[in-house]
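Read the single chain below, which is given as structure tokens and is the form predicted alone.
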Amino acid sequence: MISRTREMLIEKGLFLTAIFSIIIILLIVLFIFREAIPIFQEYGFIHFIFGWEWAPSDGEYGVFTMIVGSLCITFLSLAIAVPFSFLCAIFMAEIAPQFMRRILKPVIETLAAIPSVVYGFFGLIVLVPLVRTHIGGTGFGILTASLILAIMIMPTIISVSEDAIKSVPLEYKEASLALGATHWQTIRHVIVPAAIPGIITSIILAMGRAIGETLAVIMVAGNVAQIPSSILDPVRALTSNIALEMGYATGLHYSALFGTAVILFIVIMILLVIANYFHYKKKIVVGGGYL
């Protein structure tokens, strides 16, 4: 009787905690949307999204250049990080000897725990001069910001992908090897396809961090609101726009920054919906669940 009461209390407590978390998130979202309403009413939602000029002193609040900047930085960082992280996860899960896993695992976890300001400082001191000297441009731009973000999101992709690869049932591997396949053929044709949903999840998580990163991007992206013509051009991300101007914004300018947050929210939701579509499309049903 006592154990049943205890279980019931634990279940109710967990339920209340989950409901409380959802309410807090909804209140934050409602507050952001409420504060953004004036800019959408006075400036126009379509004009706000597709306007090319951001000049609050002249009454111009177009964020299209920043949407393009955020997407360029995010996708280029993913293009750099995903292949390396994917191969590293395969190596750690299937090929690396035990002693090497014990070294690599804590190193990667440490990389994930480093504050973003440290990555930004590294990019400012090392990568910006390196890109300026050996590739071109001022060093502040899409390429440098993407390189920093790629380093920052790699631990997430590696850790989650490694767990996904390890979660593939051992019977799959044993059956493949029993049929005469080599270890590499088993990895390529059996283990990796079975782990694809988990690998896509790791990319979703990394994409969320890349598009939401602020401080490191501010330090190396150049923060110029323009449509880039090359990966060396400086850009301003949506997150950077909010962080740079929120300290002194008033009136419609203040509302425009909350409008920027709303656009960022919408962009993230669209990307998550697309990524989740591919995640569930690739799932493999096993028994009552799926991998």
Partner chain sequence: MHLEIKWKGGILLIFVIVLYLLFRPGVHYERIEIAGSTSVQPVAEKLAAEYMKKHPDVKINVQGGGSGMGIRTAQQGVVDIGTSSKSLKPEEKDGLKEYVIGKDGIVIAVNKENPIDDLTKEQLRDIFSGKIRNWKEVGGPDAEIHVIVREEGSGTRSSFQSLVMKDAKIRSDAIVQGSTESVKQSVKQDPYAIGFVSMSHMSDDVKALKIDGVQPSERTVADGSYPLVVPFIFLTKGEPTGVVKDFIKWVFSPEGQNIIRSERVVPAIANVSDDD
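Source: prediction; values computed, not measured. Positions refer to the first chain, counted from 1.
The same protein has a further form, the form predicted together with its partner chain, not shown here; the description that follows concerns it.
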query = Might residue 132 be said to contact its partner chain in the predicted complex, defining contact as any heavy atom within 4.5 Å?
reply = yes
ask   = Looking in the predicted complex, any heavy atom of residue 57 within 4.5 Å of its partner chain?
value = yes
message = Can you work out whether residue 138 and its partner chain are in contact in the predicted complex, taking contact to mean some heavy atom pair no more than 4.5 Å apart?
response = yes
task = Determine whether any heavy atom of residue 205 comes within 4.5 Å of a heavy atom of its partner chain in the predicted complex, and answer yes or no.
result = no
request  = Could you tell me which of 182-190, 213-221, 157-165, 93-101 sits within 4.5 Å of its partner chain in the predicted complex, going by non-hydrogen atoms?
outcome  = 213-221
key: Residue among 78, 200, 147, 124 with a heavy atom within 4.5 Å of its partner chain in the predicted complex   = 124
message = Which residue, 249, 266, 49, 227, is the contact with its partner chain in the predicted complex, using a 4.5 Å heavy atom cutoff?
response = 249
